[in-house]
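Only one chain is included here, represented as structure tokens and corresponding to the form predicted alone.
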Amino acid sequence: MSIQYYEKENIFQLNTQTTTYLLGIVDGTYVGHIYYGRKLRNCQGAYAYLRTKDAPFVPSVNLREKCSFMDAFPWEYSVYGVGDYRESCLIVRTESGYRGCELSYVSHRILEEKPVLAGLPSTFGKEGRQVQTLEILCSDSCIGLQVVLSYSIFEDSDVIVRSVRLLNTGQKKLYIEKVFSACLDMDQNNYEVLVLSGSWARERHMTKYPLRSGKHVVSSNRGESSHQEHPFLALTSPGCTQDCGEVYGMHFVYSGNFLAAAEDSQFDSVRMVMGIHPEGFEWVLEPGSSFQAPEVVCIYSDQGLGKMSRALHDFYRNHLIRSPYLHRKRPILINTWEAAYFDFDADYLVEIAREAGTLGIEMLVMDDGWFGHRSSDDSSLGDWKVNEEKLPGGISALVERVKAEGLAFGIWFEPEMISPDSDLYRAHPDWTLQIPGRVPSMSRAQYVLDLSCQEVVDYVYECVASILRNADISYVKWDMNRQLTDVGSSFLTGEKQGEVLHRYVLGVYQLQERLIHEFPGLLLENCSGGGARFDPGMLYYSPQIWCSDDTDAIERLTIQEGTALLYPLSCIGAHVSTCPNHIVGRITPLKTRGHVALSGTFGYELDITKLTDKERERIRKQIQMYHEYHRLIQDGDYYRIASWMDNHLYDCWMIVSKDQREALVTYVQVLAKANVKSRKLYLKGLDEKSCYRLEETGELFGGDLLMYGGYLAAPEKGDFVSRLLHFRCLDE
């Protein structure tokens, strides 16, 4: 790992473990992209890749064709208004109303650290492991703007983390209408676009299509990263698989509106960009002030999607997730939502806890319905006072009763929202996001609190913190069940209304930062109507995120496959729920539901008091299974073996320990097929020279045989059936 500047050639070289990133300075002014890909031994001759000898040449040689140069140059950071007509990264308006910016290289510095981004989630170095950061300072002296381009690399990772900081060095205000965090210009190579898309209850489905001429955009303008799109974009070589082909990926460390685009332009070049969505965004940059854009994690893989996934998993575990639960066994919880919804009282919850404790479940989580007069989802959000008709003696009394049954206690909040039918709304109608003269649009019978206002943020924090201070609560599920509309603040001037969306996200970050600071032992799980805010930004505050409200095991195969493309399995909130499933109505075996949920945080969401003896015994075995495999799943390497979305018959993935001495394969036969032979599963990540024992049968296999000859999975009878294959390396 190293960052080098070659002054004679005007080239910067960033080397990670297996990749190289090159950029250079042209005409002493323009910062251009040269190369990103496999690690290079040296960069001799790389300057030519900037094509400065191609017509129309550089402006110092051919000033009359500067526009043509600007529109073809491979920029490290593109700007609007002076000749580059491709997707721009930066649009700035002056007080006089003019738009146009031209950045010139000023200086650079190489830091032996990873700076923290104030108020934003940001990746960090790890003790004993080197990290370096390149900061390139550019300026537009005409408007008094400085732009700092930041690149960080890590000794133990192949990612490059990029961000941008703007500084107003002039005497007048500047208006930032658009600021992206990363740009990558490359030659077109018949790339395909890979994105994660969907909707509520079917989030993060992997979608791939050819990159054709024009712009290909994924985005969210919903105030959150959203169910519908994900702040991730990748370009892959044709036919890229899990194990071979090239991947260029960008992942946004942010939880609000975003835009990512890939553009195939007129000269067979490709531009990738990612950042805050410019729609509805404008930031007033006062003289002497700065604006920090969020980070983008950039990654290149020359060994397919699998290498990208494992690199991102390790990177997020080592350099983004801060929770003490990162490597700690998560408690097996039972959530009351699908068991009772709003219809419960203290005695019923204690009965659930008692039954759960006999099976080995370790925590009861009380979901929605415990506060105000909330017996449905149309009231009381904002009134975070316990309903003592349901819970006599309050939460502390209930917690003590649950603890007496041997279980820890967790609780659900939706702190960002407010019901029109609430004491808080009647007292502070101005605390909602709203546009004067317009009745705000409701969703789920609720409005959104204005977290761009510090007074509102402080109130919300005290609501949550006061509950936690007065009861022994180990876990919080932080929910957010609607998108943002009517984006206006009663507390900001008209000039600053374009700041509301970003300030809202900063308010969320502040709330959660304060929460984990005051309650450092708290297990925080984020949620947004399921997976609408499952993004790297939230992982900075919570080690796990509820993956989707759809807990059907077969639907979860696709959802969790797309999620695991980017995130460690230990981040994926997954529960065993009741059947028929409450969303799709499907009936799947309890065994299969357990196997699928095991590749996540693992818990339960059903009425455990109504199970049969056979089902209770199955749950006891599942809990034993979790205790046996949790460390392997939490810290091991993830390999995708097959996808039922591709083959329409079966799904398969595996986890291999870092020392390659243990592996767990999950095989799900989604649809049975008549008159078939055993199916070969080509395993991955094993030690070729070692011998492995299949623990369930005692059979012995060579590691190379399992990978290149395959394991024969016998056909099963019935749909939706599953099997775990646990392999251990024999001691020599």
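Each residue number is its position in the shown sequence, starting from 1. This structure is a prediction, so every number in the text was calculated from the model and none was measured.
Absent from the display: the form predicted in complex with a small molecule. The rest refers to it.
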Checklist entry - Taking 4.5 angstroms as the cut-off for heavy atoms, does Asp367 touch the small molecule in the predicted bound form? => result yes
Checklist entry - Would Cys527 count as a contact of the small molecule in the predicted bound form, using a 4.5 angstroms cut-off between non-hydrogen atoms? => result yes
Next on the checklist: Please determine whether Glu102 contacts the small molecule in the predicted bound form, using a 4.5 Å cut-off between heavy atoms.
Outcome noted: no
Item to check | the small molecule contact in the predicted bound form: Asp635, any heavy atom under 4.5 Å | outcome: no
Next on the checklist: If contact means a heavy atom within 4.5 Å, which one of 394-402, 473-481, 135-143, 261-269 is the stretch that engages the small molecule in the predicted bound form?
Outcome noted: 473-481
Checklist entry - Which pick from Arg444, His627, Arg469, His373 sits with a heavy atom within 4.5 Å of the small molecule in the predicted bound form? => result Arg444
Checklist entry - Among the candidate residues Glu662, Glu87, Asp549, Glu192, which is the single one with a non-hydrogen atom no more than 4.5 Å from the small molecule in the predicted bound form? => result Asp549
